[in-house]
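This document opens with one chain alone, in structure tokens, the form predicted alone.
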Amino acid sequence: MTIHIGAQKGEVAETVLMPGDPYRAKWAAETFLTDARLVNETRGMLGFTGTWQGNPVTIQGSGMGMPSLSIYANELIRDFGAKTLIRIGSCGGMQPYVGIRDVIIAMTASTLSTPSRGIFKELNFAPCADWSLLRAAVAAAEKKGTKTHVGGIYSSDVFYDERPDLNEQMTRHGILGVEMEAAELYNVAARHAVRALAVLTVSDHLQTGEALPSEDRERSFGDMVEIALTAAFA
């Protein structure tokens, strides 16, 4: 048990999927895991542990933004022995060829700032995904026939962004999508020598303004969860 995670020792699996929304964690656990049980509800940040194809899995909400994600990732690794952490979440598309419901597998995550900036100081550290997870996720997506894009994403500090100039440059430089957590997940994983990946579903688009209705989001996220689980145990 930690300040933010109420689970007991042995209740968190070495493989953890991390959606931002705790209720998405509940949905994913009930939909994809066998014998899922609630192991954390501290501060309403729900976490569940069960099995997938006989493999122990925890699905733990991380909250919104890199500071919140950093708390949960650090405690999961340091206090509960997590070895593989995969962010499953939504993102905004930034390239014209990236469509709503497509899946983005994040090779790298650019950012203006993360909670790790104080450690790196003047260094512009380039956080990236674990290669074994990335390779396995791409193979899983290809096998499923899911329309998937692999490349760089942008992890933003803010949801209501007012930097059209920055968005223009990111689009120009091939950034596929924007979300708010992956860069810090990759930083924390690198620091502790564990595996990390972000598998994201495009729920809206910065260029077209198109967006998934809220009632359609969960139904569209199934491919992302299955790709993440398959990659974790490849």
Ligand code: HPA
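Just so we're clear, the structure is a prediction, and the values are computed from it rather than from any experiment. For every residue, the number given is its place in the sequence shown, counted from 1.
From this point on, the text means the form predicted together with hypoxanthine, which you will not see here.
- The listed set 57, 28, 180, 188 contains one residue whose heavy atoms approach hypoxanthine in the predicted complex to within 4.5 Å, identified as 180.
- Although the partner is absent here, residue 194 is not a contact residue: none of its heavy atoms lies within 4.5 angstroms of hypoxanthine in the predicted complex.
- The closest non-hydrogen atom of residue 45 lies beyond 4.5 Å of hypoxanthine in the predicted complex.
- When contacts are judged by a 4.5 Å heavy atom cut-off, residue 76 does not count as touching hypoxanthine in the predicted complex.
- Hypoxanthine is not drawn, but in the predicted complex it has a heavy atom within 4.5 Å of residue 90.
- Per the 4.5 Å heavy atom criterion, hypoxanthine in the predicted complex is contacted by stretch 198 to 206, the sole one of 49 to 57, 35 to 43, 198 to 206, 168 to 176.
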